[in-house]
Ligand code: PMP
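Take a look at this single chain, the form predicted on its own, given in structure tokens.
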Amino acid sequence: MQLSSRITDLLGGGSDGWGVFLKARRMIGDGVSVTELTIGEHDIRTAAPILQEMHRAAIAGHTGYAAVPGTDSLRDAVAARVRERTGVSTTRDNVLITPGGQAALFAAHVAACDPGDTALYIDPYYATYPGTIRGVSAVPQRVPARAEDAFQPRPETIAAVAAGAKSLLINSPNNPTGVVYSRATLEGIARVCIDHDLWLISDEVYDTQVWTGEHVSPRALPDMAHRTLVVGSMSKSHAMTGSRCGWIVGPVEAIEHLTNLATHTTYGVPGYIQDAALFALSQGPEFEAEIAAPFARRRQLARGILAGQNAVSLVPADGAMYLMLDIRSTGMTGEEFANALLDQHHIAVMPGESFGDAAAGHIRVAMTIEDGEFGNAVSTLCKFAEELAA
């Protein structure tokens, strides 16, 4: 029997970019001690009170089918959070609860694109983006952001390929670069979307991790609320990665149709998970700041270490839990450097090439281990790069 081209071509005939990560995991399986700076997984676990609320809700019986668009109380809480942060009128009718941000990304592209439509996304990109687009039978078209522009996308570069496209996917604060798109950048992107009648799909799962500047949701820009689908998640803001609870915020009509999609695919999110998410949101911005604090602290630690050498340069790390480091002075590609660092020093980082051509010659470092161990790893990485550059 032949499988569908939709599933067999999901990776576009190439790698999924996780080769170094899998190699590190094999080494760990063989008993080798490896310092992992690869994936965006908090080194703290979900807070005990959130888990206790999850347990309470499950024991109380919220284990049956929950409302497919999400419970009214959680949708109200998400809507209130969006209103407070953006100033845009938002009600539960603008909110669909999804099984995590990844399911929201997939559903948003189903809503925006028909089979064969071109869907744009910015390179560097999170590794699942092109496969998500192929998964809805749309055609992924990357739009490069340049290292010399600190990976801020140029609106004119997007406009040059926007004719005939249906959607544009952006991510700020950005994974993998740690860049926060400026208001000027987002206003330029909004103009392109309006001029070319594009849906804008805005992945904002790192919106609580902003170290410099401000997070601007493009849905708040003039004439953008009716053409923007915002993806959010509890994973990064509340250290609830395994709970798989996210959302899409968008126009009422789009949410109504996306609810139909959810009815025929995921059939919603477990009620006890939603109750735990509601409790977590009720803890307010102070709790979110507590979850984000280790990454802000480690960013400062890394900046101090990087300031003492010349072989590695830091892409402006304005947000998210990652550092993007330029290692081109070593003469190596990001993939070659990451493999050599793993082989010789047992430190695992992600090659920039895992996130697109625009990040070639860079590596992504996740700030997801204890401060002292993290500082030692960054110091070793820098010394290794200096040896290679010499």
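This is a predicted model, so every value here is computed, not measured. In this text, residue numbers run from 1 along the sequence as written.
Heads up, the form predicted together with this ligand isn't pictured, but that's what we're talking about next.
Contact with this ligand in the predicted complex, defined as a heavy atom within 4.5 Å, holds for exactly one of P218, P155, G100, G268, namely G100.
Residue Y126 is the only one of F279, Y121, Y126, F151 with a heavy atom lying within 4.5 Å of this ligand in the predicted complex.
Although the partner is absent from this view, H109 stays clear of this ligand in the predicted complex, with no non-hydrogen atom inside 4.5 angstroms. This ligand is not drawn, but in the predicted complex it has a heavy atom within 4.5 Å of Y206. Although the partner is absent here, R244 lies within 4.5 Å of this ligand in the predicted complex, judged by heavy atoms. This ligand in the predicted complex is not approached by V249, whose heavy atoms all lie more than 4.5 angstroms from it. Partner contact region in the predicted complex: 170 to 178, out of 113 to 121, 134 to 142, 189 to 197, 170 to 178, criterion any non-hydrogen atom within 4.5 Å of this ligand.
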